[in-house]
Each structure stands twice: as structure tokens, then as C-alpha cells.
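Quick heads-up: it's one chain on its own, the form predicted on its own, in C-alpha cells.
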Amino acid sequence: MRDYLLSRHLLLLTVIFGLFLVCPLMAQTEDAEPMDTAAAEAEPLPEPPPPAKLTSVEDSPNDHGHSVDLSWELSPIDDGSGNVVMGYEIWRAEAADGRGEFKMRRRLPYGVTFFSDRGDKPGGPDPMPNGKEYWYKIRTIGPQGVYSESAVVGPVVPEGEWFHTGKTPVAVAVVVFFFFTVYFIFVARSGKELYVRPLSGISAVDEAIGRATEMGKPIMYVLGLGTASDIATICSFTILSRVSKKVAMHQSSLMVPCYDPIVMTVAQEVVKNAYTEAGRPDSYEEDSVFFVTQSQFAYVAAVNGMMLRERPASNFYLGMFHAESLLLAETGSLAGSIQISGTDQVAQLPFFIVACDYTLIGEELYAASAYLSGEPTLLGSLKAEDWGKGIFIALVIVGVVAATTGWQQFIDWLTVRL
């Protein structure tokens, strides 16, 4: 009896232990079933948007090459909101058959229909050699990264152009100016006198030299602070030659304080040749053209001291000037000199105008150089420039009328496209 009860107890314990093992497994099975169902019911990816259509893939016009222009039609569902079409990706392949590896060139926003694929010359960070074939396709990007692709288009070969057709008006203007320049140089060399608009500063040169001769006082000629390669200084050399020749003929004295030693060397040769042309080489004094200093205000102080001591009858300030312009002109005015100035530095012109008797404004300095030298090449260029200005003014007037009346064809002819 005792053994029977013991066996019943063991059987009961075994059943209880088995229930403890089975219940968790059943619980795990019941919990796992909802997770699989949630995964199965996850939201599916949206449908890819309809692809864009590449309509044009061609070499970029009027460039140096290494560029291809692409145009396409938007995806039919691209409403410009960015909700259904997120953007477009440009892909390019270099394989000979167009089926090689495509590489993305640029991602563009929705609504864009044009892209210029520009690269560098061979050896650059993004080489795109001319004369090589390229294929393109475009991806239309939808929500959650889904996309569709257009058909592959190509090949297209980038090439550089020799002439930019958008700059044809500039080419025509250069040809016209060249024609006028050659024509007027030919006329000047033939001995025909060319009319140059009178400038008060030019007319006053002889007056200033005559005044110095009558007063028995020197003439001071200041070339400015420019170098020998500056246009204003080169023009000043030409005027200095004319002034030196007159000084030699009138037996007056000349002072040319120089800021730049190279300018001084050139000026010495200019004055020496002028005295020789005047038939008075023995009257030339090398010390009349001298170097002062290359310190701006030390130079001004030295020249102003000369003005106050020597009291020149006439002062010429012709060349490139900066902050020293008013200091020189005011001191010369206090010294009682007649003063003629000229510079192409626009900021200094007001000071010369208020402090000097005559002022050559801007390019009048160049005109004075051509007029006083009498050189056919310079006079021909001066006349060609005047005619060019006249044509330009006429075109501006006609352009205003065309823009007012809607004459678009005329505006297109004269528009320069870069």
C-alpha cells in the first residue's frame, strides 16, 4: 500500500512538472503569431513614378568643349510640389555601346528640365575629354527612394567651337574699328589734314611756354607717379617732346623732376631728341631732367619746395597722379604759375579742375598726345575712335527707339551673349 501511494505521488509530480514546461512554450507560440502577422501586413512600397523622357542630348554650343546639354520632359505626375516626384538624377556612361557602367552626374530638384553636364580638360579633377562618346539616362525619383529610368540616349560627342556666335556684334565692332583705323592712318600719311576737335588745354601749351619766355622763368614739367609702361605716362612723353622742342626754340629753361628712375631715363632721351630736332642740341642740359625720390610724399615735398624757390612761370602736370595732385596744384597756384594738367585717373580730376587753369579730362590726354605729336598713326587712331563713338551713340539712340517700339529683331542683332 505504501509503495502504491509513493508511485501515485511521483506520477502527480511528473505531471505538474510537465505542465510547467509546456505552458511557456504554448505562450511563446501564441505571442509569436501576431508579430508575423504585423510583418505580413506592413505598408508596401509605392509604385515608381512614370519616367521622364530625354528629348535632347547634344554638344553645348559656343563653348570650349567638355560640355553636353540635356533636356527632358517631366514625368507626367510631376506636379511641381515635390510630393510625388522628389527629383531627377542624371547618369552618364562612357562605354562604347552605351551599356557600360553608369555614374551619377548630378541630382536635380523636381520641375527642372535642363542640365548642362560640364567637365574639365584631361588632367583636371573631373575630366571630360572632347571627341569621346557619351550616353545618358535620367532617373525619376519618387517617395521612399523608388525610381524609374528613361531610355538610354547617345552617343554624343563634346567639341569646342572656334567662334562664339553670341559675340558676333563684338566681332563686327572690331572689324569696323579696324577699318576706320587703317583708313584714317592712310589718309594722315597721304598728307591730308585731319580735323581734331579743339581742346583748350592743347591751345594753352604755346601760351604757357611763351609766358615763361617773356618772364624769364623756368617751366616745370611733372610726369606723375606712373611707370614708363603706363598709357598716361607714354602720352606724357609725347607732350613733353613737343614742350621741350618749343622750350629749345624759345631758349627757355625746363625742369623735369622724376619719381621713377626709368621714367627719368626715358624723359632724358625725349628732351635730348627734342632739343636736337629744334636745332639746339648744345642748349640741352642733362640735369634739367633729374630723379628725386620714389617716396610719394617726400617727392611732393621736394617738388613743392622747388616751386616756391624757383617760382616757375608754367607748370605741367601730365601723367598718372594720385593723392599728391591737389598738393602740387595748390602749391603751384600759390607760386603764381599758369598750370596745365591732365590725367586718366578719374578720382584726381576734380582737384586738377579746381586748382589748375586748364585740365585735359581723361582721354583728352591721349588726344592731346596724338594732336601735338602729329604722328599719322596716332591721329588715325584718334579719328577712328571718334567715328567709333559716333556709331555707338547712334546705335544707342536707335536701340532706345527699338526697345520702345518693340523692334525685337534689332535688339537681337545687337545683343551680346556670353
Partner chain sequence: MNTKMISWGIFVLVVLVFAYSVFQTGLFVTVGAFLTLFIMSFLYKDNAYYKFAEHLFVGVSAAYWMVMGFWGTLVPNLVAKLYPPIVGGALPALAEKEPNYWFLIPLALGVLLLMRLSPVGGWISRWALAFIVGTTAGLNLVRYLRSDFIQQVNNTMLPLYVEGSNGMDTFISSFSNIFIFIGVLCGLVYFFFSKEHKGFFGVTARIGILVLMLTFGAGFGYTVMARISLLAGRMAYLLDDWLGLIN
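Numbering follows the first chain given and starts at 1. In this text, all values refer to a predicted model and were calculated from it rather than measured experimentally.
What comes next is about the form predicted in complex with its partner chain, which is not displayed.
Student: State the residue from Asp69, Asp386, Asp357, Asp63 whose non-hydrogen atoms include one within 4.5 Å of its partner chain in the predicted complex.
Tutor: Spelling it out, the residue with a heavy atom inside the cut-off is Asp386.
Student: Answer with one of Tyr110, Phe177, Phe115, Trp135: the residue that has a non-hydrogen atom within 4.5 Å of its partner chain in the predicted complex.
Tutor: Looking at the other structure, the residue within range turns out to be Phe177.
Student: Does the trio Tyr183, Ala204 and Ile239 actually contact its partner chain in the predicted complex, every residue with a heavy atom within 4.5 Å?
Tutor: No, none of Tyr183, Ala204 and Ile239 comes within 4.5 Å of its partner chain in the predicted complex.
Student: Would you mind picking out the stretch of 74-82, 243-251, 210-218, 307-315 that comes within 4.5 angstroms of its partner chain in the predicted complex, counting non-hydrogen atoms?
Tutor: Among the candidates, contact is made by 307-315.
Student: With a cut-off of 4.5 Å between heavy atoms, is Glu363 one of the residues that contacts its partner chain in the predicted complex?
Tutor: Close contact exists here: in the predicted complex, Glu363 approaches its partner chain to within 4.5 Å, heavy atoms only.
Student: Gly390 versus its partner chain, in the predicted complex: is there a non-hydrogen atom within 4.5 Å?
Tutor: Yes, Gly390 sits close enough to its partner chain in the predicted complex that at least one of its heavy atoms falls within 4.5 Å.
Student: Mark Pro281 yes when one of its heavy atoms lies within 4.5 Å of a heavy atom of its partner chain in the predicted complex, and no otherwise.
Tutor: Residue-level check for Pro281: no, no contact with its partner chain.
Student: Is there a non-hydrogen atom of Leu45 within 4.5 angstroms of a non-hydrogen atom of its partner chain in the predicted complex?
Tutor: Judged by the heavy-atom cut-off of 4.5 Å, Leu45 is well away from its partner chain in the predicted complex.
Student: In the predicted complex, which residues of 402-418 put a heavy atom within 4.5 Å of its partner chain?
Tutor: Ala403, Thr404, Phe410, Ile411, Leu414, Thr415, Val416, Leu418 sit within 4.5 Å of the partner.
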